[in-house]
Each structure stands twice: as C-alpha cells, then as structure tokens.
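There is one chain below, alone, in structure tokens, taken in the form predicted on its own.
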Amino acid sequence: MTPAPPHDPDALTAALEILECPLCREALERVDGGVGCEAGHHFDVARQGYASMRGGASTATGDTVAMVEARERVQASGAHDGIVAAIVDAVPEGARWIVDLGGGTGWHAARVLDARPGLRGVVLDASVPALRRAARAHERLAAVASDVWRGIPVQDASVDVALRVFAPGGGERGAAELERILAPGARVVIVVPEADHHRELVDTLGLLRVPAGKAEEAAASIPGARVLSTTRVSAVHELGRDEVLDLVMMGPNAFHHERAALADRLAERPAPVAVTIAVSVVVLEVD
C-alpha cells in the first residue's frame, strides 16, 4: 500500500494511536483514500471525514436522518444540558482518550472535550447520518463507522474513559469487549433512562415503557468494576408539541411510530406539554 502524504495530524490520524483493524486487530495507518493495516485490509474515509470500519458482515445501520435531526433539535434546546453536565463531571482531569460507544453525532463527547482540553476522543456508531455530523463535532474528535456490538476496533487497555449514553450494552460479549479496551483505572460512564422518563407520554402516545432497575443493571454490567457514583438527573420541561415529537422521535420509538400519527394524538392535548426527563448517570471504575 502507498502511504498518504504527510500532513498535520487531524482527529482521525491522531486516533490511530488507539484504533485497530477490526478484521485482524493489527495497527492502522493513513493510506491513500483511507486507513489500512500491514495485512492489507483497507477502510475508506468518507469525504465528510469519518472512517468506515464495520468489519465482517455487519448490516447495522443505526439512526435515520430524521432521528438524527430530531436529536439535534432536542440537544440545541437545552433539554439535555443537565445530562451532559453530569457526564462532564464524571470525566477526570488528566484522561487522554475517551471513546463514545454508540455516540451518534458526537454531541456528548464534544462537550466533554470542551471541558477537558488535554483529552482526545473517538465516536463509534453505525449511523452514517450521525457520523457525518460527528466528524465535524470537535477538532479533537474522530468519527468511525462501526458495529460495536460485534466488536470494538480499539486496542487493548488504551481507553481512559468510555461513554455509553442511551445505547444498549451488547450483553456479555459487549461487556467483555468494553473491559478489554479499558486502561487500568479507566472509568465507564453509562446513561440510562429511569422508569419515569417521559412518563406523561407513555400511555397517551403508546410509547415503549422503560423498565425499572436499569441503573442497577448498568452498575453490574462490568464484573469486578467499582461503582463510583450513581447520579439521578431529573427535570420537568414545558414543551411545545413539535418539541415533544422530537423527544419521542429521536430514540427507539421512531422505529415503531409515524411522526404524523403521534402529532394527531398530541393535537388533542393542550400545549405546552409537561414532560419528565429522568435518567441515571452511572460511573464505574476498573482496576
């Protein structure tokens, strides 16, 4: 393979310090058109700046354009500012690398990088619409297309902080992969919805119901890890109907409902609509 011309390291080039080939687990380097390893595996870098490193036969696609756009509007509104503040508080000074698993547009990771100038990050996600945004979310944040529940293309013991915000854990395999990439003393910051999250909307709109105990499940997700803290972030927001629809359609309910049908149901309710946003931020530390 022909090496790419030398240039000042960008976020993706810098991230090759911790990324690895998802097929053979060898180190990666920048090559013409993308990144590659000594075994000859090549992964394209899109013109928007994210690397496509799914590996294997993954068919994961992640969130749609409409879901990503709804999430951006919610985040811009400030409704989730309390959540991201709790995430930032959980990230220690002096950490070098943060990896956001299922990190979408990179909004959470970028806010952490703003608060921790010495930190660099990688967002891993399956959604192309989200990654196009993540690639430009922060100058120290690399974006990589990856099906993290099949494997995490990151080197052993290389990550100081891992984020998992509203993203599934991937079961025992996902926990083992996550534990593999964590450096000694690393932290895992997990954000999960509580049972009263969006409680005013669940019955009215027929939404997915959040089961109780998700914080306890997150706390036990990595065998042997210590629970440093569990912080509940909760607030009731008065929202317009379009804002409510964005809250609903930014997440998994979007795969089960049509926005127009939900809008018809909401039209029967007076506005603004009171909506509870309630999550737990669980912080674990590994030896």
Ligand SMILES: C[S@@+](CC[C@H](N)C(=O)[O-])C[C@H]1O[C@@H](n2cnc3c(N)ncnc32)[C@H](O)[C@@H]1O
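Just so it is clear, the structure is predicted and the values come from calculations on it, not from any experiment. Sequential numbering from 1, following the sequence displayed.
We do not show the form predicted in complex with the named molecule, though everything after this point is about it.
When contacts are judged by a 4.5 Å heavy atom cut-off, Leu119 does not count as touching the named molecule in the predicted bound form. Proximity of Gly102 to the named molecule in the predicted bound form falls within the 4.5 Å heavy atom cutoff. Not displayed here, the named molecule is kept clear of Trp97 by more than 4.5 Å at the level of heavy atoms in the predicted bound form. Using a 4.5 angstroms limit between non-hydrogen atoms, Lys214 is distant from the named molecule in the predicted bound form. Partner proximity in the predicted bound form, defined as non-hydrogen atoms within 4.5 angstroms of the named molecule, places exactly one of 71 to 79, 89 to 97, 134 to 142, 192 to 200 at the interface: 71 to 79.
Of the candidates Val84, Ile181, Leu113, Ala126, Ala126 is the one whose heavy atoms come within 4.5 Å of the named molecule in the predicted bound form; the others do not.
Using a 4.5 Å cut-off on any heavy atom, the residues of 142 to 167 that reach the named molecule in the predicted bound form are, in sequence order, Ser146, Asp147, Val148, Trp149, Val165, Phe166, Ala167.
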